[in-house]
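Coming up is one lone chain in structure tokens, specifically the form predicted alone.
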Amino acid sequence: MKLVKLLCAAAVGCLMSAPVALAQDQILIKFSHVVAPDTPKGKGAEKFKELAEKATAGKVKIEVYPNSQLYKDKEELEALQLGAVQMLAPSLAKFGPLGAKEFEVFDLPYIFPNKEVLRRVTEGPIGKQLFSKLESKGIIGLAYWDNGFKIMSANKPLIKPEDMKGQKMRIQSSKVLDAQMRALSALPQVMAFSEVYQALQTGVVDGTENPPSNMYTQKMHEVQKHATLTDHGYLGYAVIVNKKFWDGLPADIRTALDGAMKEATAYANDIAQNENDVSLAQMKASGKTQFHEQTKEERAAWVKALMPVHKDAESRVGKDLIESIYKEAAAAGFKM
């Protein structure tokens, strides 16, 4: 059914060597994503729609499809490449399985000490270099959007790294995330984001990792008794577009959309931290999940347990790439 669905959609998409035109030459962009409209990504997509339609004086129409309405995690990149949709904002972990394994550097635990180091990477030469890896896949990278730093959740307290032993933990499809969980003696389970709540509810998995806004909007706190504020990993997105579609746009339209994307990116990244803070407060207030704040000693133990994942990932994501991020951290005053 998945293949039939994609091929049927692509039958229309293949006509899109030139942009899809509506009445009076209006250009249609379908922007699909897998999270709720009230997440940072969901709000960023709506802001881009507003700004893009205004910047192009109505020449472009943006249709936003949240919550996996069109495609699930495992389908959406293929749908974009086939031309069934024009724009996505997948998590950065999705590009490793696509063949751009360098993007899995974003999955390394504790690779970004803070937002300053993250920005030095995403807004500098490293970010541009990574986007260039997508062009051979028929994809253009437009922007990096934050969701936030992830916390660990389960139905038992996760105070020490050893507490993860034997826990079935949902992850995105990523060799690095798989290695991260195995370093903690947990059992990684790859699963589509839209399926996680039910899997937690039924015990198919014991726990997961997510920024608070994703955890709250998907109601995972209703089926997780404990969570630890590890901030161990970053979850971000890349806003991407079908290359053939993008290259076929008139130059003035591309310029207008680029401007709208820059403004939408600033908006999305500005609200991400606030959304996570509010979501965490609301989950705490619900009393359904008990949240643990780490001491310095506890955090140091998690860092010690997970830093070997960096060394193990060198052959996959590139030692030079990892060291270039260490240099950015050092420039910001952090020693890795």
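Position 1 is the first residue in the sequence shown; the rest follow in order. In this text, all values refer to a predicted model and were calculated from it rather than measured experimentally.
Form predicted together with a small molecule: not shown, discussed below.
S.K.: With the partner left out here, if you bring back the small molecule in the predicted bound form, are Q81, F95 and L134 all within 4.5 Å of it by some heavy atom?
M.R.: No, none of Q81, F95 and L134 comes within 4.5 Å of the small molecule in the predicted bound form.
S.K.: By the heavy atom within 4.5 Å rule, which residue out of Y237, Y216, F245, Y234 makes contact with the small molecule in the predicted bound form?
M.R.: That would be Y237.
S.K.: With the small molecule left out of view, which of S91, Q86, T122, T230 would have a heavy atom within 4.5 Å of it in the predicted bound form?
M.R.: That would be S91.
S.K.: Is the gap between V35 and the small molecule in the predicted bound form 4.5 Å or less for some heavy atom pair?
M.R.: Yes, V35 sits close enough to the small molecule in the predicted bound form that at least one of its heavy atoms falls within 4.5 Å.
S.K.: With the partner left out here, check for me: in the predicted bound form, does some heavy atom of R170 sit within 4.5 Å of the small molecule?
M.R.: Taking the distances in the predicted bound form, the answer for R170 is yes, it comes within 4.5 Å of the small molecule.
S.K.: Report yes if any heavy atom of N210 sits within 4.5 Å of a heavy atom of the small molecule in the predicted bound form; otherwise report no.
M.R.: Yes, N210 is a contact residue.
S.K.: So in the predicted bound form, does F193 come within 4.5 Å of the small molecule, heavy atom to heavy atom?
M.R.: So F193 counts as contacting the small molecule.
S.K.: Have a look at 47 to 55, 303 to 311, 276 to 284, 27 to 35 and name the one stretch with heavy atoms inside 4.5 Å of the small molecule in the predicted bound form.
M.R.: Correct option: 27 to 35.
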